[in-house]
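Encoded as structure tokens, the following chain is the form predicted on its own, with no partner shown.
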Amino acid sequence: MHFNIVTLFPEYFSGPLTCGLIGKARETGLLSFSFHNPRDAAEDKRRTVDGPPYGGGPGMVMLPGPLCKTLRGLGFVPRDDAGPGPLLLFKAGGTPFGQARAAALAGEATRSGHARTLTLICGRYEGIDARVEELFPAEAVSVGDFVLNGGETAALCLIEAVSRLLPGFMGDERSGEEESFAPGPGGGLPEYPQYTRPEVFEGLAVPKILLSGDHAGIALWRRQASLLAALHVRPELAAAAALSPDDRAWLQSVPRPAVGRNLYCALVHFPVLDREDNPGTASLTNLDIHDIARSSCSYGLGGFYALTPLEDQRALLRDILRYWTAGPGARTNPDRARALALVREGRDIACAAADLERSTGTAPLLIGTSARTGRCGLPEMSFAEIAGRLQTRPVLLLFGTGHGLAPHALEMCAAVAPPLRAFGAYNHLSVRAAAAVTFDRILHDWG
């Protein structure tokens, strides 16, 4: 495979591409590289390759002229797919580059039966002039949600990720089959822990199963170790993994991290808005109580407050809970009883906050929810940040019935969660549906 690297700093690659397995692959001819500096295509004496951005702002932007001239010299044709092979541009806002894409690029080269060329554009400064992408449609990729000084570091990541999947690159071809993110049946999970000599190191022993010679047992241990790593560290990876019935059965037997134990929710019936945006009181509904309790139990929340200042409504709530947690409903549907056992009665938001502080010893962080942005001047707290706050203190999420929480209720909050459909033309989820989606956005659980 051949890599055309378009860069202002060819010397950046002089060390990394000459050592280790990449260096060996270059010596055997499996890999080859050529470097193309847009400065060589600049037309002025100073070899200028950047200029200030139109519209103002900090930094400089790579000029389109030298870059486009460089790409033409490599055989790319403006507004045409013709060229020596795939053209990739490293860009912070590009598509995340992962193992599946690396495998696809390596696989295409393998299937073609001849050397394949990849052209990598390493941007610098504030980026490249957008017209370059219009003239030469490139695949914009990102190696992570962070900003680098330029695309050179990202290019090294891609080169190594693709190269190591080429036949003959690694001494043992199986090395690429049993590692983190490896595609294929049962893949896509973090790799299992590895051990080598000595058997005991500073009091820590190698797991006995790995010394047993029981190949089936070792394979099972490794599979379960990968699943456990995903469960505790990268649960989102499981969405792309093919889980067998045995995998699922084992996962159900594993103690789950109580990620939602510090998250509580409150269904507020006063003060809420009516259709005319006037504050008032909404009626409690059986369906809301049941469904939000089930969602709260499914995601492992610490509790669910149903808040109304009306005594007859609280009496109705007590009747519902009594039937399902201590009456006939508990005997016929114990799963429902378990969910409704999370429900706590309360008059208002202040009562719920005080009760939560008494039971946990820490004042909760109140977070409001709304389908509309900019209603109360509160800062918006991302779902990821809310999840982070759960590590140190209880969080009480407030959901409004009727047409949402009234301003007085929102004023009691430290922040508001983002709308679930901030840019949608239709944004009218039921409160029970909104609660379930919000729990998932914060806890992003699986299983």
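The structure displayed is predicted, hence computed values, not measured ones. Numbering starts at 1 and runs along the sequence shown.
Just so you know, the form predicted in complex with a small molecule exists too; it's not on screen, but the next bit is about it.
J.: Scan 86, 150, 302, 190 and let me know which has any heavy atom within 4.5 Å of the small molecule in the predicted complex.
T.: Checking each option against the small molecule in the predicted complex, the one that comes within 4.5 Å is 150.
J.: Of 71, 154, 339, 128, which one comes within 4.5 Å of the small molecule in the predicted complex, counting heavy atoms only?
T.: Exactly one listed residue reaches within 4.5 Å, namely 154.
J.: Quick check for you: of 203-211, 316-324, 283-291, 136-144, which stretch puts a non-hydrogen atom within 4.5 Å of the small molecule in the predicted complex?
T.: Stretch 136-144 is the one.
J.: Residue 91 near the small molecule in the predicted complex, any heavy atom under 4.5 Å?
T.: Although the small molecule is absent here, residue 91 would touch it in the predicted complex, with heavy atoms inside 4.5 Å.
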